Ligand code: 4AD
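First comes one chain, alone, set out as structure tokens in the form predicted alone.
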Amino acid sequence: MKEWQRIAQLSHRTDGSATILGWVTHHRSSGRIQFVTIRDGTGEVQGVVRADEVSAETWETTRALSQEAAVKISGQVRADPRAPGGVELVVAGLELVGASADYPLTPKEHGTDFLMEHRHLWVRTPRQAAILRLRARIIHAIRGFLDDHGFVLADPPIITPAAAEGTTTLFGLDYFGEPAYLSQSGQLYMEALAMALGRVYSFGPTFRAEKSKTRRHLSEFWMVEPEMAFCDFEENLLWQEELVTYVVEEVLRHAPRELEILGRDQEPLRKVRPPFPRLSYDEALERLAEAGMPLTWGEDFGAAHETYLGGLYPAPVFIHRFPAAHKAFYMKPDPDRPEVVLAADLLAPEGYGEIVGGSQRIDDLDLLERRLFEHHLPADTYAWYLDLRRYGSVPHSGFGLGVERLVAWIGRLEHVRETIPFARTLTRVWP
């Protein structure tokens, strides 16, 4: 085992020796004392270097330190309630591991473009590191919930021959002379896997060639897509609200420090409890009209409409039974009202819009073939998908949860570009 400690471990100690490895975030001198703040990804600790307690070499090495220099420090842990983590390190020895000269990200304010150009360094800052830890905690909670409830992790392909959502938002590529696309969604394949394994989910990247510059959109993002055999529309909604509630509870329990760094008011998150409110599409139109935001029946919601509807309640709200004409070909029509489909979007409060979209899928072969025709989609490309309705078709449902939007809402972040290590947007593919 390595003979060094992570900084997060030091907060559980009040004395004893320790060795840490990390990077310098701040350095200042006060006469015969130097103060060096070190981070290592788990936290920060201040090292106190006294000229009469260290060698001349250590003193000079410390004096020459610059921002983001990598160091190895050893010393005595001492309780200090004013310090980060409640402890500081009285330094006995310090070694330079990696020098850092002219570090471009200084404590001054930088513009967003500059920070995105230096994203590979921006992620080192406390706020960005907290966001990425929050993202990891959210992903851990999602997978834990699904694993514990009998869902099997199964991986659909990223390169696909057909569209799941719409042919206008595909990234095309040449696949050995054949047209293929980067996946918009693994859903169609997850339906096949649900017929084999019962309850399944995928977790992976998806791609949408939408020419959108809103704070909610990325060209590459990660989705969790559960799919369930023998599951109807109502049960599908229950799974969604139980999953989202569990994730929020896990964040409140295990990531309060990250939320504090982000300045996230935790009280609204504590109000997230099932059952979530529900509004039909028709009821949503009525609410929007009352607010002076009228839409014609059949029109889709824009960001302003979703923001208003999501703000009506402290918890996320389901908007359900959308007009069939503007929804995906695979969504099952409501038997009592075929002009709408058994689909729902889950809108987050506080202006974050849709975080989950799901539906009951069509399980009737003839109807699915008609829907493909109405959407001008080639039946031969979807022949394998039609087979799922030929051989033992059952009622089944599923949903897709966008990880970045969920992180943005839970962390109350301004833009989804901060929720993923390296964002891919309409104008950015570097670094």
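Numbering starts at 1 and follows the sequence shown. Because the structure is predicted, anything quoted here is derived from the model rather than measured.
As for the form predicted in complex with the named molecule, it is not shown, yet the points below apply to it.
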Quiz prompt | The unique member of P349, G357, G85, P156 whose heavy atoms fall within 4.5 Å of the named molecule in the model of the complex | solution = G357
Exercise. Name the residue from H217, R119, R264, R199 that puts a heavy atom within 4.5 Å of the named molecule in the model of the complex.
Key: H217
Quiz prompt | Residue stretch of 396-404, 376-384, 22-30, 47-55 approaching the named molecule in the model of the complex, non-hydrogen atom distance within 4.5 Å | solution = 396-404
Quiz item: Contact between K332 and the named molecule in the model of the complex at 4.5 Å, heavy atoms?
Solution: no
Quiz item: Looking at the partner-bound form in the model of the complex, is H320 within 4.5 Å of the named molecule by any heavy atom?
Solution: no
Quiz prompt | in the model of the complex, S185 touching the named molecule (heavy atom, 4.5 Å) | solution = yes
Exercise. Determine whether any heavy atom of E225 comes within 4.5 Å of a heavy atom of the named molecule in the model of the complex, and answer yes or no.
Key: yes
